[in-house]
Ligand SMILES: C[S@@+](CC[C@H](N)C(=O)[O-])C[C@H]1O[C@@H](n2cnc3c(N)ncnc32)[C@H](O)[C@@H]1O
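This document opens with one chain alone, in structure tokens, the form predicted on its own.
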């Protein structure tokens, strides 16, 4: 939801700027910064930080190993993938499409010195089949699309950890504190 703050700041600047061309440049910049985030909110979920209790549930359900390649789709500010990366995993990657949120995640990773990688991109267009664990906090419609488009392409044994929202047609393997674990059979 950083897009709301960015929109507010840019709108203020546009209104109070006297030069027409500067207004045009600011408006164009606003559209470039905000559009991917709005698309991400509609196609996946808005940025809502996971509660600490849910993160603890994800860590317990994940049972992460040193050979695990983990991806957080729609990683927001990176707090979940950062916590996972602190453990012994082979690779920890977070995808974020909102530019302001992506920049916040990269900044937090830089200052935390984390080993996770935060990538700008649309997770719907990534090959997620190479990961052993997929972490997500998506809305109901996005979970339905995930089940239809991504779940069939996952390799056997892939673990999907979902915060708050369920895959409707897939049997839950385990549940803790509103977090659901699914294992691809």
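Numbering follows the first chain given and starts at 1. Bear in mind that the values here come from a model prediction, so they are computed numbers and not experimental data.
This next part talks about the form predicted in complex with the named molecule, which is not shown.
Out of the listed residues 160, 143, 70, 45, 45 is the one that sits within 4.5 Å of the named molecule in the model of the complex by at least one heavy atom. Stretch-level contact analysis of 145 to 153, 118 to 126, 25 to 33, 62 to 70 against the named molecule in the model of the complex, using heavy atoms and a 4.5 Å limit, identifies 118 to 126. For a residue to qualify, one of its non-hydrogen atoms must sit within 4.5 Å of the named molecule in the model of the complex; none of 85, 93 and 114 qualifies. In the model of the complex, the named molecule lies within 4.5 Å of some heavy atom of residue 79. In the model of the complex, no heavy atom of residue 131 sits within 4.5 Å of the named molecule. Interface residue remark: residue 89 is not counted as part of the site for the named molecule in the model of the complex, having no heavy atom within 4.5 Å.
Interface residue remark: residue 101 is counted as part of the site for the named molecule in the model of the complex, having a heavy atom within 4.5 Å.
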